[in-house]
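Just one chain follows, in the form predicted alone, and it is written as structure tokens.
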Amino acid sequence: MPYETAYTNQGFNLVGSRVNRPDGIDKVTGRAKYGADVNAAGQLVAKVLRSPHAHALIKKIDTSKAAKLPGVKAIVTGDDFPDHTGGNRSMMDILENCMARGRALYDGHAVAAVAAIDGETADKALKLIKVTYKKLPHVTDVDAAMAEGAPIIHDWVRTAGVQPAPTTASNVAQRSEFGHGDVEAGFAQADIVVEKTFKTEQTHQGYIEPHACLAQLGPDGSGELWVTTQGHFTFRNVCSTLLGLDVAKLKVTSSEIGGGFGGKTHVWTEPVALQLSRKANRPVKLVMTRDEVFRASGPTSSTSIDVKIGAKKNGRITAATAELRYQSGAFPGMWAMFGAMTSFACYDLKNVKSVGYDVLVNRPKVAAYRAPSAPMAAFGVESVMDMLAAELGMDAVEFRIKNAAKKGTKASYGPIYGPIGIGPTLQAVKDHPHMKRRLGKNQGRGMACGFWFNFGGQTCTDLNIGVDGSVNLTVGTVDVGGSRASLALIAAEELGIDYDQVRVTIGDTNSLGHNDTTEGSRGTFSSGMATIFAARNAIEVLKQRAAATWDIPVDQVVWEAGEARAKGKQNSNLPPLTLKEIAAKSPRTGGPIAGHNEVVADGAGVSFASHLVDVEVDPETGSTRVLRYTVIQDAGKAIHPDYVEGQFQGGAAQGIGWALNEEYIYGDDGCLQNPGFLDYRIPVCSDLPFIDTQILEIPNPNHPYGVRGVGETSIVPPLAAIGNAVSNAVGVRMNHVPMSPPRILKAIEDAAG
């Protein structure tokens, strides 16, 4: 086989086992505390007034009647948020997104907020606030926003990444280009060229728990924030900057999280709650409604993408290009850049170019959603890969295998790959029993590949050993997918003790040094690395204590299987000392035993997956049923296989919803028409097949255990895999996601003439 074989990472005692999750009992019994589950004495309830217009000048806000309503304790508008950003444009954008400053930029944009003694009073107060608007022209479509004469969202935006630098305002905030070689020469060498345009609609992460926080901020500038978040250290830094606070004076505690998927990496309402608390001098609780979550928190980009790929008759790709237009909502982002970087990352290409355009529209500020931007790019590229394979008369899997990236490949976005798993995942698809299943009438099969970078970042971890030998591991990465169990396994593996002896705690911002947000599939990778090093620090202390107990040099002590052992014939009479025995004596041998580590966990290791899916399409209704789905992905090392498989399945499930049903629908007035789960339809159990998984383990050489992040990659292939399957089932190429029944029927009708 031309690729490195699956890696089993032999030699572990606990890592790789399927232990019970430590937070399971609390969650199934209702003891776990989520964002809205905490209260404070004397707390107020906050509500937010939001714009009913897609784009409007705020001429006047009259809060006088609301302020006189009994029970109202504080009201804030944009005037209550002075600029403390020091000219930081990205921070200013966050501030303006939290509370409009002079203009409402999208339907749902916050324009005022109240804090009252209860929710009913707060609702009454909102109705008493009178806002005078002057409606302005709006644009919500990405292609329309780029067209000549489109309403300009911000007159200060000049397109970055263009030479010479533009002097006039534009809705194109940034142009990003990646690639190498000579694409024109490459296309000239091609025997067959396929070019196609694709569109994807805006989607939401669909987390069940809405955004919620409890804020308390005193007149002296010290405060606390309890919040549902993927990154409480980042929230502390952002809120402190926006409100002009000392970072050390704001303590932020993360709650349990009822889903995030990237959507809880951004600050939305927290500065508002803190400012209301400062003004009222009382705790303030703010919980978004589902309508607000859809209208005013961060969805994905909608996109418009052109893909062109050429190949020789032998199946070797000679050139590939993509132009990707991503809307970022009302504020500049980096989403098109990610799309351009990931678009061709699965393949070994000599001539390749991707150009991304980040485009402003009158929609909510876009946020991350699990491998942000990559699923849309993969939809375009992997669809054209299937079309090109058909033109060449080649099997779609074999065509990809022939062009797959490998160790030593120069990636389309720049770096040279080390050991990677795209080849093995494709070979596993080819060999999988799923490929042998016979298809019936109106059924189609599709496959696609996906890539994500993964991320390491700043991490800080403490490991403390109690006098009874139990271990408390304190980490700063929020557990969004089972990382506490994985980190407990890693700590127990290093120390040589039982899994049940380790308790993992997510520390607040006063307990540890800075930890980056849990995103980029970094949780287990980065905190796992820090846990390994913290445990090894603690082992050195344990060895020193054992050496002192035996009165021998520490270099004559080794740590094996949870025990300190004296090496050398001269020490053969010394019995081993267990961790529990050493810990019990710690008050008399030097005090507490602990390990600590802070690291910038570089080298996260890129991740690849290949997906295979069978669908059945009803030609009369256009309804699609997913019959079978298989995910094959490289995990580097699966610390806890149950959670790894769960990440694979979760990404695929969300991708199925995105591919077939989910989309934001805006009216001609620029307002969102389906801000709720009744009309924005995420998949339920009856929509999903059993999602089979296969874990491959091609070790990441930059991690002591070979770990790669796994949480994001498996949302990348589904749009394209299902698109290819539906296209094969109906005999018409689908190029618009979601492939809802009306779109499928229209494509069939258009093809029939």
Partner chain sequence: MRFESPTTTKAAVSLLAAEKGVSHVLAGGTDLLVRMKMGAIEPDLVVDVKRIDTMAALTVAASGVHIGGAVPAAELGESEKLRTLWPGVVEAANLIGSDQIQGRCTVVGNLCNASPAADSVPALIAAGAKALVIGPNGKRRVSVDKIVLGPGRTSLGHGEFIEAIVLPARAPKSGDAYLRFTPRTEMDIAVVSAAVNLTLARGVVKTAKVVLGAVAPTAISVPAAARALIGTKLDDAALEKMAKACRAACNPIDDKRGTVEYRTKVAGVLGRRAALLAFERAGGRK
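Just so it is clear, the model here is predicted, and its values are computed rather than measured. Numbering follows the first chain given and starts at 1.
This next part talks about the form predicted in complex with the partner chain, which is not shown.
K.L.:
Using the partner position in the model of the complex, report whether residue 742 sits within 4.5 Å of the partner chain, counting heavy atoms only.
P.N.:
Taking the distances in the model of the complex, the answer for residue 742 is yes, it comes within 4.5 Å of the partner chain.
K.L.:
Taking the partner chain as it sits in the model of the complex, is residue 550 in contact with it (heavy atom to heavy atom, 4.5 Å or less)?
P.N.:
Residue-level check for residue 550: no, no contact with the partner chain.
K.L.:
Residue 441 near the partner chain in the model of the complex, any heavy atom under 4.5 Å?
P.N.:
Contact check for residue 441: no, nothing within 4.5 Å of the partner chain in the model of the complex.
K.L.:
With heavy atoms only and a cut-off of 4.5 Å, decide whether residue 168 touches the partner chain in the model of the complex.
P.N.:
Contact with the partner chain, no.
K.L.:
Select from the listed residues 561, 678, 600, 185 the one whose heavy atoms reach within 4.5 Å of the partner chain in the model of the complex.
P.N.:
Filtering the options by heavy-atom distance leaves 678.
K.L.:
Since exactly one of 467, 160, 554, 665 fits, which has a heavy atom within 4.5 Å of the partner chain in the model of the complex?
P.N.:
Comparing distances to the partner chain in the model of the complex, the residue within 4.5 Å is 665.
K.L.:
Go through 698 to 706, 683 to 691, 717 to 725, 56 to 64 and give me the stretch that gets within 4.5 Å of the partner chain in the model of the complex, heavy atoms only.
P.N.:
Selected range: 683 to 691.
K.L.:
Let me know which residues along 591 to 625 have a heavy atom within 4.5 Å of the partner chain in the model of the complex, or say none if there are none.
P.N.:
Sequence-ordered list: 618, 620, 621, 623, 625.
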